[in-house]
Ligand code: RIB
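The chain that follows stands alone, in the form predicted alone, written as structure tokens.
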Amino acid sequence: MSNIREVSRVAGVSTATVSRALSTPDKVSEKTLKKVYDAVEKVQYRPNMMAQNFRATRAWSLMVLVPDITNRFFATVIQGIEDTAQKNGYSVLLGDTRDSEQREAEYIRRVETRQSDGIIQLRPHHKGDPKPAEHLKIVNACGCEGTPYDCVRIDNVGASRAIVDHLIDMGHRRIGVISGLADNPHSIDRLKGYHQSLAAAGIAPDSSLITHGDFTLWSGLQAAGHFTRMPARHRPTAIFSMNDDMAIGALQGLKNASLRVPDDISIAGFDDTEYARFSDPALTTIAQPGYDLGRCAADRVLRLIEGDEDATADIVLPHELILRQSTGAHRK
């Protein structure tokens, strides 16, 4: 027997579009409707009417759970989600959870009551977090290795190694870190990569070179103060910040202390947000494919809604080291 995926392939449209054409044809263009109907006839697809009636009750929307709606990187991810959803006839609802479990649970209940059909989570899964209920169609768009449900991510450990290796190759041996929140899985993975790079280069770790922020500009400014208050002989000659916002805040803090970047101290970020190239100096950073993370997550959750996928997916997208003017060779 033919199925909806075969109709999708022959018509050259997504399975979500096929489903919508069959359940609510008034919401599909005449051109697309003809493609779908022609494909139905060609493959002799006979839809299960009970399933079709169930699908017709959809909200045709996706819920995106954002832990910090002011974060610039998340804005790029959401663009990828939005564009993919719109192409498939879905709208996007944003839930600003503010890292609150209670707010997150409230938004999830909207999905359970059919106000939305699927969830895209932008907060990484923490150890100890309960696994989402099996009936929920949920994908993590900014996840980490070991996420117990569908996940789209980069290799955070490998990306961190790439940027710390770059600093070591420039002659730096005392490399400071501005970490994110200590229990954040991204912070944990990126710190792991940092330690791996130091070990490979034979550099002993120094806990005084690690300070924690919260991924905001202000916390980066505060972290810079931690380093600038150190005696010059103990101060790091380079800093790895776990996101661009903290790196840009730290840049300002270093300038306030009359330190020149990169002549006196180098600094590198993570994410490659739009502002990274416009900071002064322009920021060396790791480019995450934010738009593609959102696009792939949206595509994946739509497949789950259609019932097309059974196995849990762990999709790893490539990162890129972007070299700019904020890093330079260590000057003894």
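The first residue of the sequence shown is number 1, and the count goes up from there. Because the structure is predicted, anything quoted here is derived from the model rather than measured.
Another form, the form predicted together with the named molecule, is not on view; read the next lines as being about it.
Put simply, Q288 is close to the named molecule in the model of the complex: some heavy atom of it is within 4.5 Å. Looking at M242, you'd find a heavy atom of it within 4.5 angstroms of the named molecule in the model of the complex. Residue contact check for R190: one or more of its heavy atoms lie within 4.5 Å of the named molecule in the model of the complex. In the model of the complex, none of the heavy atoms of Y90 sits within 4.5 Å of a heavy atom of the named molecule.
With the partner left out here, the named molecule still marks one of 252-260, 132-140, 72-80, 164-172 in the model of the complex; by a 4.5 Å heavy atom cut-off that stretch is 72-80. Against the named molecule in the model of the complex, the set H186, F215 and D271 is in full contact: each member has a heavy atom within 4.5 Å.
Contact annotation for 115-153: no residue has a non-hydrogen atom within 4.5 angstroms of the named molecule in the model of the complex.
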